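To begin, one chain is listed below as structure tokens, in the form predicted alone.
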Amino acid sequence: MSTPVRVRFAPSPTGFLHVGGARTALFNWLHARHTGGTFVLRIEDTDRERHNEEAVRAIYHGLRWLGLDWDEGAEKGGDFGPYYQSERGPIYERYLGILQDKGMIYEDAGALRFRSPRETVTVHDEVCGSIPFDLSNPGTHPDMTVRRPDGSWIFHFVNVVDDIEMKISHVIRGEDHLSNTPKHVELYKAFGVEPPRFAHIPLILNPDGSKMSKRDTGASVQSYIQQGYAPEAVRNYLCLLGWSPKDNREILPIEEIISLFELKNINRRSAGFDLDKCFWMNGQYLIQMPLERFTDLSLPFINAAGINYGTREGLVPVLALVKEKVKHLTDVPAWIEFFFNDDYTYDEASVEKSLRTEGALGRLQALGAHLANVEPWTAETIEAAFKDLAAALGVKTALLVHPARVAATGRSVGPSLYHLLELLGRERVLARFDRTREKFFP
């Protein structure tokens, strides 16, 4: 019988959730979902001086925003807790005692060190292959500290203990941890435990080839939340940083990614981060997503902008009209504000270009009178009325469209004008034309 798949994401809460950490969590989550396994969230907070409770909440929020639900762990509980390392002291004491009884721990200037067997350790990795590490030279590979003089634990020791105790079957983490892995294998052997299967995933690089750090543009998951990215778009993009479906497709539903994801298909080479590509993918997701989902994602930004839209039922048709124009969800309030506020501001450049030109006032007045008789009030009949009046006046339709748009919305760009006017309704459109003429041509 095969061992049940149990994977973990074990971040240190010393800053906001980094794109690299999010990608690591995602690959663990995908492997768990692909195999029907368990995804564990463990908080590695042994470094109390750098511990940041706000960062812990940011980790929870970032994972949930990406849709990476964990099956057990911090905030959820489970059979292998506690899931905060700061609460697992007695467990570490017990495992330290095991090594002490074997004569594998010695004191050095107040610190406790693990006595290396001084062997060549071969790490068998699902992504990188089998790699031998010669640990025989104490000059280049000194005995690792497991406990500092102040009593705090070292990452390598508690990481291995926790993975043993939580029955982790696969350790999927960044390639920067590969050099630590032979030390961990030594500890597993010392405890008489078979190591988990390792999969070290490629580093994420900036466009200039440098390793992406927390300070780089696009590195914080929180920045995508604040800028109004769709979480499914960011998640899809992160899937492609080191993995691909092998058929050149890029936009895939998460269900299909889960079905296709296998550790053996993770790329060996480093992954280049391209914020422009992520931006493009976000736009594609926003265009293609169902209107109900688009509404759900837009509402926090609309509410934050203080737009009094009335009911959701009244809001949805407006969002349907502007949806194809939106590139970030933060754009939504600016696209819809004039729908719900008759006292909107006018863009001065648009006024100069479309209203303060010869004959604009007369054409706008004639258009209002013409639209007053349009029946029924639909985008199709409104468009026909524009074209009929333009023909009667002997002008291009654009000389009616541009003043009408600025008069009705205060700006020169927006969604389909005829559908926009239909949605506003005849009474509001004609009132806006009158208001505009009074404001700029008293």
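The first residue of the shown sequence is 1; numbering continues from there. What you see is a predicted model; the values in this text were computed from it and never measured.
Separately, the form predicted in complex with the RNA exists; it is not shown, and the next lines address it.
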property: Contact flag, residue 109 vs the RNA in the predicted bound form, heavy atom cut 4.5 Å; result: yes
property: Any non-hydrogen atom of residue 183 within 4.5 angstroms of the RNA in the predicted bound form; result: yes
property: Partner contact for residue 300 in the predicted bound form: the RNA, 4.5 angstroms, heavy atom; result: no
property: Contact test in the predicted bound form: residue 272 vs the RNA, heavy atoms, 4.5 Å; result: yes
property: 409, 427 and 435 all contacting the RNA in the predicted bound form, non-hydrogen atom within 4.5 Å; result: no
property: Contact stretch among 69-77, 364-372, 97-105, 244-252 - heavy atom within 4.5 Å of the RNA in the predicted bound form; result: 244-252
property: The RNA: the contacting residue among 148, 328, 124, 118 in the predicted bound form [heavy atom, 4.5 Å]; result: 148
property: In the predicted bound form, the one of 113, 189, 293, 167 near the RNA [non-hydrogen atom within 4.5 angstroms]; result: 113
property: In the predicted bound form, residues of 265-284 near the RNA [heavy atom within 4.5 Å]; result: 267, 268, 269, 270, 271, 272, 274, 276, 277, 280, 284
